[in-house]
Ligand code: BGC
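First, one chain by itself: the form predicted alone, in structure tokens.
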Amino acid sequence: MLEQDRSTRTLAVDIGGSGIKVMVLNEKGEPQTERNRLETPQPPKPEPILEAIASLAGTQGEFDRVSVGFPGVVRLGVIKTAVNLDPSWIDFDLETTLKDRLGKPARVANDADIQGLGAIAGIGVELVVTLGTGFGSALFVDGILVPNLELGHHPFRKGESYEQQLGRFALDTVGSKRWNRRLEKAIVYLQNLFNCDCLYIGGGNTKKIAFELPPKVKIVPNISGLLGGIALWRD
């Protein structure tokens, strides 16, 4: 059983291309409920995903506010890109809609940014990449986020982006062995490009990594994508 307290409780939501996950955190970012998950509805349009979030929220007991990680660029709670979901998300005000739907204050940010906030040490240059349906990224300098990096859509190799070479479709298409070789190259490229003090790798496909990671590269648990949600309320 998780030990619970009566501090302000945050419902953390992680929207992914394959799954939607929720958990309630206390003010310290500590879990107060067990994580719950539903498959991402198909097609992944706003209304069915909002219904899934509301359904999951109903399993988590009481909460005071909501933090959401979304797989795309988010500005002031409004979705600007949604490559791995549905085009109908573009310019959708997710923050206001969730506030109205759940009756609680809500804040929304890029999912890799939130995962990074749950993982980084806050010292020096830290890069976070997530390996899931797509390829997420977040860059921090002394704990401060560099906004809207979207590294996954930058050129990587053979005329394709990091996401095209390392997303789930690529993994399923070329197989684990070739995918791992690509990831090894990507790590070298990213370390040389950013000269980062630490590179964190998260996301569901970290379990497919089959080589020894170099120094200053760490795998972070998927739960970081929820635990980082508390940071959205640190004004």
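Worth saying up front: this structure is predicted, and the values here are computed from it rather than measured. Numbers follow the displayed sequence, beginning with 1.
There is another form of this protein, the form predicted in complex with the named molecule, and it is not shown here; the text below is about that form.
- A residue is said to contact a partner when one of its heavy atoms sits within 4.5 Å of a partner heavy atom; residue 150 meets this definition for the named molecule in the predicted complex.
- Heavy atoms of residue 73 reach within 4.5 Å of the named molecule in the predicted complex, making it an interface residue.
- With a 4.5 Å cutoff on heavy atoms, residue 115 does not count as touching the named molecule in the predicted complex; it lies far away.
- None of the heavy atoms of residue 165 is located within 4.5 Å of the named molecule in the predicted complex.
- Judged by heavy atoms within 4.5 Å of the named molecule in the predicted complex, the contact stretch among the candidates 81-89, 119-127, 139-147, 100-108 is 81-89.
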